[in-house]
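Just one chain is shown here, as structure tokens, and it is the form predicted on its own.
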């Protein structure tokens, strides 16, 4: 389990997190969502032990990340958005770095290298950005680490590689492992991430499981919003892409809720989203009042 309790953190005098509480259970792939500057990467680095919180408590499987004990580092894998790799071939990298991870699965690593079509005869520094990303993901998944932290993992991957990554990530969601994926590319991973954790204004605004979302919300394409139980909506070429509240006791019908709309609702209309999740009636929806600020 990974926990943050009343955690505070900032750069200089600028606070980023103030009293942040978060609890992540093994066996799930958590999607970490937030606007640019919300602190998603900083939060991953705090959990990975690369940054120290200013206050509060952070633990990963009973260990304090900031202490950077060898056992903690061996049990934690963090893949940044742009991974650095040394000027070694994969076999030499394996001999040098896998030794620091007693649970490293070499057979799994070899299989992932093959599935991702990574050239074993090439220096890692000669890999393209997408290839570096795939190598870092393969090594993290094979590491045996119980805490797996991925920052924008689909950036730089082409469409076939994204499909490969989704398949590999689904395999990595093991009962004893916490997987956290920070992403802006929600639709790349929408079928995998559950629950969704939304960070905004220094706190966890919502932590939403797929069952909670499907039981209370649904998506629809509408020509008019009149008379509809709208939580949040965005205009498109033919009308509106809408996130709607299910009626009390209603569980069937409608499309699955679009996670991008859920995120935008959480940021622009949190009171409406909270009311919909609680099964409370919604006041009339005025689109102009709930525009998400562009990043």
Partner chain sequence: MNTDSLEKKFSLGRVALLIRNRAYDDAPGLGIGLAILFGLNILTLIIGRTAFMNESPEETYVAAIVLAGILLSSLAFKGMHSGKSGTDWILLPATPLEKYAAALATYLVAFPLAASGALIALSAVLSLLERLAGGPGNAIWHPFTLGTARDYGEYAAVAVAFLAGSATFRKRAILKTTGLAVAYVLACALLVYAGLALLYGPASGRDFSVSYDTGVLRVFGTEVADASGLERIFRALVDGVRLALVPGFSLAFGYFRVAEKEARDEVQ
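Numbering follows the first chain given and starts at 1. Worth saying up front: this structure is predicted, and the values here are computed from it rather than measured.
Another form exists, predicted in complex with the partner chain; not displayed. Remarks below refer to it.
The partner chain is not shown here, but in the predicted bound form it comes within 4.5 Å of a heavy atom of residue 96. Residue contact with the partner chain in the predicted bound form: residue 52 places a heavy atom within 4.5 Å of it. In the predicted bound form, at least one heavy atom of residue 71 sits within 4.5 Å of the partner chain. The partner chain in the predicted bound form comes within 4.5 Å of a heavy atom belonging to residue 63. Relative to the partner chain in the predicted bound form, residues 11, 37 and 78 are all within 4.5 Å by at least one heavy atom.
Judged by heavy atoms within 4.5 Å of the partner chain in the predicted bound form, the contact stretch among the candidates 117-125, 199-207, 169-177, 96-104 is 96-104.
Scanning 48, 269, 244, 259 against the partner chain in the predicted bound form with a 4.5 Å heavy atom cut-off leaves one residue, 48.
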